[in-house]
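Below, in structure tokens: the form predicted on its own, a single chain.
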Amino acid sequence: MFRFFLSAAALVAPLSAAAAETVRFIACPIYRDADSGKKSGCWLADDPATGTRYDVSLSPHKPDWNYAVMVEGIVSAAPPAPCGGIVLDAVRTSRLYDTPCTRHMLPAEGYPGRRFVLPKRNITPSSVARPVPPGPYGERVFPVYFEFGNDFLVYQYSDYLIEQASNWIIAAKPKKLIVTGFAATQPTVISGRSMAEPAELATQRAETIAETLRRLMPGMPIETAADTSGSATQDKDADGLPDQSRRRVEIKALF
């Protein structure tokens, strides 16, 4: 279990994202064996309702081809040339460990894949000095987001958001932190399945982040809370994906 590290900010998502076409479905993932260098293979998923094939390769975390994924994404105007599917960007894939899949790999079939580039949310090496976040400092909330159904931190997404938060908190020196976990407990039918998170996941997510912050900032007073309302946010780091934003933790700094 990978439960540490670092974080983010909060602003309003662009209106264009709110108006964009979004998709949400469950499917077994497909790996395309493209080769444009390391990490250039493609992840695809077919919407069972329409048969449309989507390219989900830009998700911060990749599918596990042994299990189904819940796909949540925004349809992009980018050409399907790299992988052979309609590109979703932004996109999230949540692994559903209660739904096994038969491994499915396609040959490249002329698709090159994408050359690896560092994600836009990427932590710089710890040897590089971080700039001090500018003041003035006041009450502020930092969200961190999760896959459906678990409290694991998402590599190169959650850790980036936590680092952004911790850098600001260390500079701002708040009196205490309140860490509130959220869970999407309201049932939603996706690809014919009623999907809802257990209420206790809100507490588990809060404890995951609280423990991470205790390790980063020993001595900082931290309280935890849980919220199962499933409320969404328009925080910019949710990338215009409201359903993902219901699965979060909020770090509130109080002075």
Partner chain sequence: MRKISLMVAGVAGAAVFGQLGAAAPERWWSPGEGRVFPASLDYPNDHGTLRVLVDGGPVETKGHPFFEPLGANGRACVTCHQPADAMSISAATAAERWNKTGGKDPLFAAIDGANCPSLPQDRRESHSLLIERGLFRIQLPWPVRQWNGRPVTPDFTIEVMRDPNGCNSGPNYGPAAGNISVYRRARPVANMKYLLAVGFPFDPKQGFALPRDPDDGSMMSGNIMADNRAGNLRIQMEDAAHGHLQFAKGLNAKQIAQIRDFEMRVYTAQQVSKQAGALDSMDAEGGPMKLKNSQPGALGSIGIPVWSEFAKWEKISPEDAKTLTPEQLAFRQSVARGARVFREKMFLITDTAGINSRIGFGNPVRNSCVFCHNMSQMGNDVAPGQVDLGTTTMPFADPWRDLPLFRITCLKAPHPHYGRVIYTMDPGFAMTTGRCADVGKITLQSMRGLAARAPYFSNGLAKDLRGIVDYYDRRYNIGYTEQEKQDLTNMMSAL
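Quick caveat, the model's predicted, so the values are computed rather than measured. Numbering follows the first chain given and starts at 1.
Absent from the display: the form predicted together with the partner chain. The rest refers to it.
(Q) Within 4.5 Å of the partner chain in the predicted complex - does that hold for a heavy atom of every one of 37, 67 and 162? (A) Every residue of the candidate spot has a heavy atom within 4.5 Å of the partner chain in the predicted complex.
Residue 95 within 4.5 Å of the partner chain in the predicted complex, heavy atoms: It does: once the partner chain is placed as it appears in the predicted complex, residue 95 has a heavy atom within 4.5 Å of it.
Residue 60, heavy atom within 4.5 angstroms of the partner chain in the predicted complex:
Heavy-atom contact with the partner chain at 4.5 Å: present for residue 60.
How about residue 218: is it within 4.5 Å of the partner chain in the predicted complex, going by heavy atoms? Result yes; residue 218 sits at the interface with the partner chain in the predicted complex.
Proximity of residue 102 to the partner chain in the predicted complex, heavy atoms at 4.5 Å: Although the partner chain is absent here, residue 102 would stay clear of it in the predicted complex, with no heavy atoms inside 4.5 Å.
Partner-contacting position among 90, 123, 178, 86 - heavy atom within 4.5 Å of the partner chain in the predicted complex = Going through each option in turn, the one that passes is 123.
Partner absent here, but in the predicted complex, which of 184-192, 48-56, 209-217, 226-234 has residues with a heavy atom within 4.5 Å of the partner chain? Among the candidates, contact is made by 209-217.
field: Those residues of 139-169 which, in the predicted complex, come within 4.5 Å of the partner chain by heavy atom
entry: Going through 139-169 in order - heavy atoms within 4.5 Å of the partner chain in the predicted complex - the hits are 150, 151, 152, 153, 155, 159, 162, 163.
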